[in-house]
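There is one chain below, alone, in structure tokens, taken in the form predicted on its own.
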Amino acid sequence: MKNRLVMSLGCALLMSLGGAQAQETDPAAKLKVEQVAVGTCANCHGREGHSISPKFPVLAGQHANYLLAQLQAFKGQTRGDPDALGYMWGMAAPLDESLMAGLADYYSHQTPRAGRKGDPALMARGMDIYQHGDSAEGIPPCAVCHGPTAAGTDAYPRLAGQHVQYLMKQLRSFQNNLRNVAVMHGVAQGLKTNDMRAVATYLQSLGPAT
């Protein structure tokens, strides 16, 4: 009786996993995701998530959980920075959960790459703030959450290779609580504009294997 119960539970688990896998690899769903990514998202975020315009974020290699959370926030109109209101609230409105999850997964599997390098002195200052913080200004090291190579985690976004302009815009949004994230408000509050630019310039230069 015990063996039959174990076998039944095992079969049920396998069927469940098989169903989930089939859903993830469903050709029609995958095609729909790719059509939206190439036909719509690429207009701003570029082919495979490598945006050309510094106004729009690089999505290639970003963590799926983070991307999904942002899409949900856009759809729910709870992320209030200017570009969210101007672009993403409307873009996310027609997306259902399945498509949002598919898009997040799609971009997380694209290969990230380094951006343009900037002034060496500015990058050196940015690296110092990112890795060690600035105790005099009460700024903790960014690397504590985003990782030593700025690759991020499931909970914190990848910053390596991101555009300077986009990073600075988001830091200002955190400063002003347009993006209501308490941790980042505290971090960004002590950053002067020159230090923001230094950190952003350093981060833009980082590649996938930095």
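Numbering starts at 1 and follows the sequence shown. Quick caveat: nothing in here was measured; it's all calculated off a predicted structure.
FYI, the form predicted in complex with heme C isn't displayed, but the following is about it.
Partner proximity in the predicted bound form: Gly152 to heme C, non-hydrogen atom cutoff 4.5 Å: Close contact is absent here: in the predicted bound form, Gly152 is far from heme C, nothing within 4.5 Å, heavy atoms only.
I'd like to check something about Pro57: if you look in the predicted bound form, is any of its heavy atoms closer than or equal to 4.5 Å to a heavy atom of heme C? Heavy-atom contact with heme C at 4.5 Å: present for Pro57.
With heavy atoms only and a cut-off of 4.5 Å, decide whether Gly61 touches heme C in the predicted bound form. Although heme C is absent here, Gly61 would stay clear of it in the predicted bound form, with no heavy atoms inside 4.5 Å.
Hey, in the predicted bound form, is Leu171 touching heme C, heavy atoms inside 4.5 Å? Residue-level check for Leu171: yes, a contact with heme C.
Would you mind checking 52 to 84 for residues with a heavy atom within 4.5 Å of heme C in the predicted bound form? Lys55, Phe56, Pro57, Leu59, Gln62, Tyr66, Leu67, Gln70, Leu71, Phe74, Arg79, Asp81, Asp83, Ala84, in sequence order.
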